[in-house]
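The chain below stands alone and is given in structure tokens; this is the form predicted alone.
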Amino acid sequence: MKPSTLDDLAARLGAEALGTLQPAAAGIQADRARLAVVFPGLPRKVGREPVRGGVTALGPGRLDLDAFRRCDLAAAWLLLTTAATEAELLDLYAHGDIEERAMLLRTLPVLPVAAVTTRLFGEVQRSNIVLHLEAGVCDSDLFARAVGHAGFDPAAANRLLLKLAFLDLPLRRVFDAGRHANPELSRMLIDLATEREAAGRPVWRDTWRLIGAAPCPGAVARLVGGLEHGDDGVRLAAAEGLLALARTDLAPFAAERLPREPRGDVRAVLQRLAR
């Protein structure tokens, strides 16, 4: 039988950490005001060391433990054990410093998707603090699980993915986000790419992958053009985007590029396209 989320967190934290956390949780249950005192001190009490362990199932979803610290898991254990309310979580965020907010955001993948999830997604979407976008959205499947919940419709999801593009964070770090590709998002990404090119700035490589998954007007031309880009990563993304289109009429473009492509991983995709 799969262990409960609390049991799983407890096993990963170990007896020594639990010896510190359990009295703190009891104190919070006796006096809710203690939560705002205990929560900021978790890094000092249990440490900031990386958890390690790679992508694994934990709680309601999957997350990459390599991106989480002991204090992040301790925070999740504490919030679950004390049944922290939405108001309490939002208060911790409102009064936390940059690191405390990041710790709170990293607990979200372990907590059930709720109104507070989408409220905090809105906060990180409006922020330019890369750490907070990473902590709230990256390295788990929380984004994909949250799409469709109240306050996080496809339009809100598109805005958050556009923020990912704006801050140049890899799409692969937001598990399963690619399945939410849509033509409106592709249009937004192409508009952003055009603006960046006009300003002489680099374009988010995952633009080519997403517009191939859900093409809009102009997507095919940009994908084909991407095969000649000087950036190896862009050529790979463009080739993968064209492969996602599954259009046999585009095979000649892949065949024409193939003899001139120096990168093995790009050639492998072009060979599949040229068949």
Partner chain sequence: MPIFEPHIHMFSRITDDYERLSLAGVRAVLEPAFWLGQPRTSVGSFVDYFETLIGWERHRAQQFGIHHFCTMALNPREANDDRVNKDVLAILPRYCEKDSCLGVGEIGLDDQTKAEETFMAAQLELARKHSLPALVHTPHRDKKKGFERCIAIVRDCNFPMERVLLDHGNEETIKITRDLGCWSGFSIYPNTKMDPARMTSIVLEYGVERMVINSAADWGVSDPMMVPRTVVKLEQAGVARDRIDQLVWHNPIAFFAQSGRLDEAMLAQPARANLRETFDGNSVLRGQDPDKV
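Numbering follows the first chain given and starts at 1. These figures come from a predicted structure and were not determined experimentally.
Omitted from view is the form predicted in complex with the partner chain, to which the following refers.
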> Which of these residues, A83, A198, A94, A150, gets a heavy atom within 4.5 Å of the partner chain in the predicted bound form?
Replying inline: A94
>> Going by heavy atom distances of 4.5 angstroms or less, which of D168, E184, D176, E99 would be at the interface with the partner chain in the predicted bound form?
In response: E99
> Out of 168 to 176, 109 to 117, 154 to 162, 85 to 93, where are the residues with a heavy atom within 4.5 Å of the partner chain in the predicted bound form?
Replying inline: 85 to 93
>> Taking the partner chain as it sits in the predicted bound form, is P40 in contact with it (heavy atom to heavy atom, 4.5 Å or less)?
In response: yes
> How about A67: is it within 4.5 Å of the partner chain in the predicted bound form, going by heavy atoms?
Replying inline: no
> Hey, in the predicted bound form, is R32 touching the partner chain, heavy atoms inside 4.5 Å?
Replying inline: no
> With the cut-off set at 4.5 Å between non-hydrogen atoms, does A36 touch the partner chain in the predicted bound form?
Replying inline: yes
>> At 4.5 Å, heavy atom to heavy atom, what parts of 110 to 144 sit next to the partner chain in the predicted bound form? List them in sequence order, or say none.
In response: S127, N128, I129
